[in-house]
Every structure is written in C-alpha cells, then in structure tokens.
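Here you get one chain, nothing else, as structure tokens; it is the form predicted alone.
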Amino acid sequence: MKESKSDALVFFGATGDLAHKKIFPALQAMVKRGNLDVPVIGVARAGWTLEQFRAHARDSLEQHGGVDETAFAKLCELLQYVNGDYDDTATFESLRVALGNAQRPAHYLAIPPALFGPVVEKLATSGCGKGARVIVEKPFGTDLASARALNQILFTRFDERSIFRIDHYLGKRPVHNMLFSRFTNALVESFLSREHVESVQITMAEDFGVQGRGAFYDQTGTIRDVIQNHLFQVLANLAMEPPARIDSESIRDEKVKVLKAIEPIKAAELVRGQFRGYLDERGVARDSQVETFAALRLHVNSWRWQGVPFFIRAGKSLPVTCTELTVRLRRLPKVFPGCDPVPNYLRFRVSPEVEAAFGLTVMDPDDRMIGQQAEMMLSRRPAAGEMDAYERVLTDAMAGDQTLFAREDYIEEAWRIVDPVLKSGTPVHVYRPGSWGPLEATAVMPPGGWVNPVARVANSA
C-alpha cells in the first residue's frame, strides 16, 4: 500500500546544533532534488523573528555544505518559525495556525528525550498530531527500561506505523547498499554462513576525541553512542536472511530475527577503554568511568551463523577515521608443502570511502610455491550530488517509508543485548591516543587478530 506524503514538516529544536549542522543542509538538498515543496515550520524558544531564522539557516549552509542560491530561495519561501516553550499551550496554538490546511504533518523531534512527553501530549491536545507522523531523533533511551518508557509515551498518541525512529547511519548509502550487494551477488551470498565463515569483525574508528561534547559523551559512552545502534544495524544487514518481500515490514522482520538470536553480552566478552586525557575534557567528571572505546564478542545463534563469533570494536582517538567490516573465511587444507594458506576474507568499508575487497592467496614473486596474500578491490568516493544520510531519512519519513527506521521490537532487542553488561561495572582501561585501544582488548580478539583499517590517500574509481 502506497503511503501518503506528509504535507508539512515541523521540526522542534530548530535552533539547535543538530539543525545547524545537518538538518538545514538536508532540507536544501531535498528542495534541490524536488523532494520538498511543503511548509517547513521550525519550533524553538530562541525568541527569534522569521528573518532571524532564515539568516540562521543561511549561516548553517555557508558553514556546512554551501548555499545553492536557487534552492535556498525556495527553501526560504517554505520556512516558517514558531517561538515558544515546548510545555506552553500557546506554542502549539501558534503551531496549529502555522499548519493551516495541512492534514498529514510530520513532526520531527530533534530535542532531548526528556522533552518527548510534553511535546507529544501537546501535539495531541492541540490537534496538531491528528493524521501526523512523528520522527524521533536518537538516542532512543539509555537502557531497556527507558526505551520502553519512551515507546509508551509515543504510543499514547501515535501508532507504530506513524513513528519513525531515526538512526541516520542507516541513511548512509554504503550501509543501505550492503543489502543490495548481498542479495544480488552469488559470489558474496554463497559463502556467508557457518560452513565457510570463521569470524566476522566490525570496526568503527574515529581519529578525534569528544570535540567539546564532553558533557553529552560522559552520559553516553561508546556502547550507547554507536554500538547499540549504528553497528548493530551493520551487523543485522550482514547477518539477516533474505526478506520475503521488499517492503519495510518484511525487511525489518528479518533484522529483528537477527537480534533475537543474539545472547546478552557477558562481562568476559567485553573490554572497555578510555583515552588518556579524556578526564581533562570540559564537562567530563574527574572520576568518570565512561568508555571511549569498546571491544566485544557476541554470538548470533541462528541456523546460518551458529558457532561463528562476531567481534565489534569502536572508539575515539584511534589512528584513523573509518568504518569497516571483515568476514574471514575458514582456512583451506594444506596442499603445497611450503604454503600455509592464509584465510581468504571479504572486506567492506562503509566510510569515509566505499570499498569492497577480497583477500586472496596468490603465487609469490619467486615462484617458490610459498604464496602471498593480495587484495582484489573496488573503491569509490561519494559522488557529488549523492544523498546525505539525513536527506535520505527525512525524505523517506515524509514519504511514509519506514525501511530505514528502527521498529519498537528492534530497539528493545538491541537494548536487551547490551543492558546486562552496561550495568555490570566492567573495568575501564586507559589507552594512548592514536593507538588501537588498550592492550587488554586482546582478550576479545578475532582469530588471526584484528584487521586494522588504514587511511587511503588515493581516490580509486
């Protein structure tokens, strides 16, 4: 069934950091591509005029991506601004007037979760929520109990088909492309199972620290910030079964099945780290035990993957900025006396560039039948004009396509997996900035070791 497109976009938190860095560039791109031609109403309590709001939008674009004068002029015609507190009935009365004849608005809550309740309630009592969709920004809870509580708040006024929980990582073209590549290439799909795969590892490395966001990060940590959401989505894209149909519910059904097959992580299967100097960051508690690095092992006990360990590693102040997945295949029996075959592998890089590579054993240069490992690689940089993640997810939300959004059961399963270990008080080990994390991380190391991503300097086509 084709969903009706939203006829207005309201975004709460319109003067915030997320709006300035990501939302205005996405809105301009949507206008330029012809995917946005409805009123865009910013709601905030900055005390601004509409002209100040438009000036803020222009400043955002000048700093983050550039101004397209034609598209920006069209965006300015669509922009409206409602000023007021989120718990003030008068704010929502003004919003109702701004919505005019809109019957299917989309309300984007780019605000802290603590404000969801008052906003959802006021949307309903003011009539602004009638026929509406609600788009919710992450983090969606801090544990299983809080995620369930947030869901209950939303369910008091909206049904699941009207709720869009953003994980912008799913909007990245390479992440979305993993499914397409898996299920359209026999060369890849034929060996993705326990019969052929020895282990799977996923690394998300960042070569910077918390970048002035110490107060936020000290309430979050690496597991909550990127593993429980972003990297579980990458894992699900690799491990899921082919969907029965190509619709949002069928695809999301298969992703939920993957998480249901994963046991909660045990303390012995997790190593947490903190880069030296983190405690000096502004907003960070002097005795903080929040991790800036985590390495963990988990098990997907499905028919396809039972017995194959999955390893996830993520952290800040590491040597490079890169997200990469490596599938290491089982070692072949020895045939040539001087050659111990190294396991073949599939390596898929999600960012900053896109790479798909096969690691193969080839004849050594001196023909001594010893062999050496070589990569066969396809690589590309994002092309100009490609959809940014936020443009993609906002476009889909406005169209009512939920494929790239997390469903209630997926969110709760993801928290179920990490909840026990988050509350178990595992130790935090200090590591040197620019290293690959604490030495203790070898306790949860894939067979054959971690594959450390390297920075690429060339731009291959």
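Note that residue numbering follows the sequence shown and begins at 1. All values derive from a computational prediction rather than experimental measurement.
There is another form of this protein, the form predicted in complex with a small molecule, and it is not shown here; the text below is about that form.
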query	finding
Exercise: V342 in contact with the small molecule in the predicted bound form, heavy atom 4.5 Å	no
Contact flag, R213 vs the small molecule in the predicted bound form, heavy atom cut 4.5 Å	yes
Y81, heavy atom within 4.5 angstroms of the small molecule in the predicted bound form	no
Heavy atom of V226 within 4.5 Å of the small molecule in the predicted bound form	yes
Position in contact with the small molecule when the complex is considered in the predicted bound form, options R165, R272, K255, H230, heavy atoms within 4.5 Å	H230
Selected contact from R304, R182, K138, H176, since only one has a non-hydrogen atom within 4.5 angstroms of the small molecule in the predicted bound form	K138
Complete contact of E51, F53 and K74 with the small molecule in the predicted bound form (any heavy atom, 4.5 Å)	no
Among 110-118, 218-226, 359-367, 195-203, the region lying within 4.5 Å of the small molecule in the predicted bound form by heavy atom distance	218-226
